[in-house]
Structure formats: C-alpha cells, structure tokens
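Before any questions on binding or motion, here is one chain by itself as structure tokens, the form predicted on its own.
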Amino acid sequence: MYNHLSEQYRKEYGTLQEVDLNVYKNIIGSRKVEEIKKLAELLYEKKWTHVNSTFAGGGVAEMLKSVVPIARGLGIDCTWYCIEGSEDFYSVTKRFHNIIQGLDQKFTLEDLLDLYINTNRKNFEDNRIISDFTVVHDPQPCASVVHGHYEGKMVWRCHIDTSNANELIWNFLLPYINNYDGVIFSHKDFVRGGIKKPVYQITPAIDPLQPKNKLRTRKQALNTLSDLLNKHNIDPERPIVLAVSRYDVHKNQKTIIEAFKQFKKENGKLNPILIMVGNLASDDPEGLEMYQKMLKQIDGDKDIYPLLNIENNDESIGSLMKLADVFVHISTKEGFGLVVTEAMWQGTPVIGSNVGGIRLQVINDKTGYLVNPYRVGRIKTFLHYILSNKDEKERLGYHAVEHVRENFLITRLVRRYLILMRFMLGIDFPYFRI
C-alpha cells in the first residue's frame, strides 16, 4: 500500500515543490521569517515524516499540503504518507471518531481486531519508515506505532477533543498512544487521563497563500463566484449567512437551519439568505447520509442553499467567505475548526459555539460571538446585531483578520513543529509542554 503513495501524492498535488519562506514576508513580517529559518538551520536534511489517512478532504490534509513544501524549502527532508483501508475500515474509524467525541455508537471485537488493527498492520507488511521525527495524525493510523515498522522519534497528533472519550475506546487506544515519544493536542482541555508521555499543545493553522485563503476584494470574489451564483440563482446583494463544514452530526447543521428559519421569519425586512457548503472526504462515509437529512429539514426553503462539492472549491469557498456578512459555526464538538479561521481571515465575523478550539479563535465582541451550540435564541440575537450594524460588522472583521495573522497562520504552525522537533532530537530544550 505504501509503495504507491508517492505516485498518489503526485496525482493529487503534483510534485513536492519546495516553498521559499520569503514569500510570507509581506504577511507575517521579515523578523518572523528569519526566526523560522534560524530554527531550521540545525535540522538541515533531517527526515521529518507525516502519516495520516487521507490526501484530500478535512483540515489535516489541507495543513499538510502546505507544511510539507515549506519544510522542504527550509532544507528538511519532509515526506507525507497516507495509510490505505477499505470502506469498512473508514466506517469503523469514523465511529471511533464519533465515540471519542461523546456519541453513543456501537463497535465490536471484529471492528477492533479484523479491521482496525489488521489495516494498520497490513499497511506496513513490506514497508518501513526511517525518519528522525514522525508525526502520526489522529486515530486511524494510531495503532501503527505498534503494528508498523518505524525508526526514529514519534509523536501522535490528535486533532479532536478526547476529554470526554468513551472509556472502552480510550482504554483500547491508550496503550498505543503511550508507545509514542510524545502526544500533541490542539488545546490543553482536550487531554483525557492515562497518557504517560509528554503532552504538547500546537494549534492548527491556515496557509494564507493557498487559493482559498488569499485575501480578495468583494469585486474579485463576485467575479470568481459568477457561475456558481447564476447556477443556483443566488443574489449576492442580500445579507448572506454562511456555514461551511463537513456534513457531520457534530457540525450541528440542524440547529443552524432551525435558527435561520426562525430569524428569517422574525426579520423579514432584512431579507437574508443562508448558504451551506460541504464537501465529502474519502475517510468520512457518513457525509452523504447527513446531507440527505439536512435536505429533508430544509424542506424546499428557497432562501437556504445547500451546496455539495462545488466546482472550483477552494477559490469559491474563499470568495463566499469574503462575501458573507456573518459566518456561523456552532459545532457540538470541535477539535479546532479551521473554517472559522478561514472566515475570520477574510474579515467575516463569526458566531461560533463555545466549545473546543473555537474558543481560542472567537473572542466575544472582538472577532465575533460565542454561543451555546443549541441556544437558538442567542444565535438569532447575534445574527440580528451583525446584519443590522455595518460598522460593527467591519470592526469585528478587522480584529478577526489580525487575530488570525498573529496566531493561526501556517508559518506559526511550522515554527511550533520545528521547536518540538529540535527538542525531541536533543538539539535544545525549551519549555514546551502543555
């Protein structure tokens, strides 16, 4: 399975081009660029490997698509591998994901032994990863630390909230987790008990040079979206409420639809529309089912536009975030919520749920507003406030951009990884634990 990964990577993203960090100078400043280069000097030609479960779809893949070329541009031999599995394997690991985040779903001994463990083992039957520093992402390949063949320092990077993980699943994963040299979480509150290895905090980030995240004017956004808006008969001059995420039970699209319908009924003069955009990821077999449930709830409402796998996806989503008057993301569980980061980077205020990594991004009355994910009344209140006050919308949007620039751009993520890599390899010993 691993034998074909380099070919698969080239098919998905082209050859592994190096990225010169200088291209970020105008965004983060020369001083920060030079600091990152200095960190990388003693890591020249060191091998840095990433392992996850999909090359496309979801925040992990998007981040790695930028991290790998940046690292290579810094002179580090950085590689990205992806385990392969059957549809049943991804179905089981999706259930793991849900159970870890608090949903009550069933699993069997066959799921654990025949699908999960065997898939991790089979990916390494004829393959060995020799690397100075390896980052294994999320539950899907977690067991490969024992059933695979690795050489070098290894950390498990958990992108989800495990604080209330199902005890049986957590106890199943815990021995694997404790075989790593360290564990990375996005937030200190996500750490469940039983971890006996050092724990570190690294927040996710977006790449401002990727098509989705390039800063654009309203005119540029409208030009990009011309065909999409015409195809779905969307009027961009009406107030736009935007929601972008996987179609997933934790993303809580049901409450967004309910809140919008009530808000529209009570504020007819504002004449708002709701645009909901979602993509299906290869490691998420439940997405289409959730999309069908959402369509049933929308029930033909002509002011709600549910879009799936739109053309020119990244440019279109970035442009929609620029056009939107407010972005709503009220997940019930959220490891971080990169879509929140993306919307804020385009200068759009966010109504976000007071959970997970969203709390690190949305600062009440500064970059947006935090709400309980089921408080329809509060969501309606903030929708009305933002859509009725242009000056406040612009104030919130300005602070949102600067908050992302300082804390959640890909260059900061790379910097944190380099500090950890230096620490793990014994080059220096900064205080870096959660």
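So that there is no doubt, residue numbering starts at 1 and follows the sequence shown. Small disclaimer: the values here were computed from a predicted structure and weren't measured.
The same protein has a further form, the form predicted in complex with ligand UDP, not shown here; the description that follows concerns it.
Interface residue among 313, 171, 164, 108 relative to ligand UDP in the predicted bound form, by the heavy atom within 4.5 Å criterion: 313.
Between the options 82, 350, 136, 339, the residue in contact with ligand UDP in the predicted bound form by a heavy atom within 4.5 angstroms is 339.
At the 4.5 Å threshold, heavy atoms of residue 373 stay clear of ligand UDP in the predicted bound form, well away from it.
Shown alone here, residue 290 lies farther than 4.5 Å from ligand UDP in the predicted bound form, counting heavy atoms only.
Contact check for residue 144: every heavy atom lies farther than 4.5 Å from ligand UDP in the predicted bound form. Residue contact check for residue 244: one or more of its heavy atoms lie within 4.5 Å of ligand UDP in the predicted bound form.
Of the stretches 329-337, 224-232, 127-135, 290-298, only 329-337 has residues with a heavy atom within 4.5 Å of ligand UDP in the predicted bound form. In the predicted bound form, ligand UDP lies within 4.5 angstroms of a heavy atom of only one residue of 190-217, namely 212.
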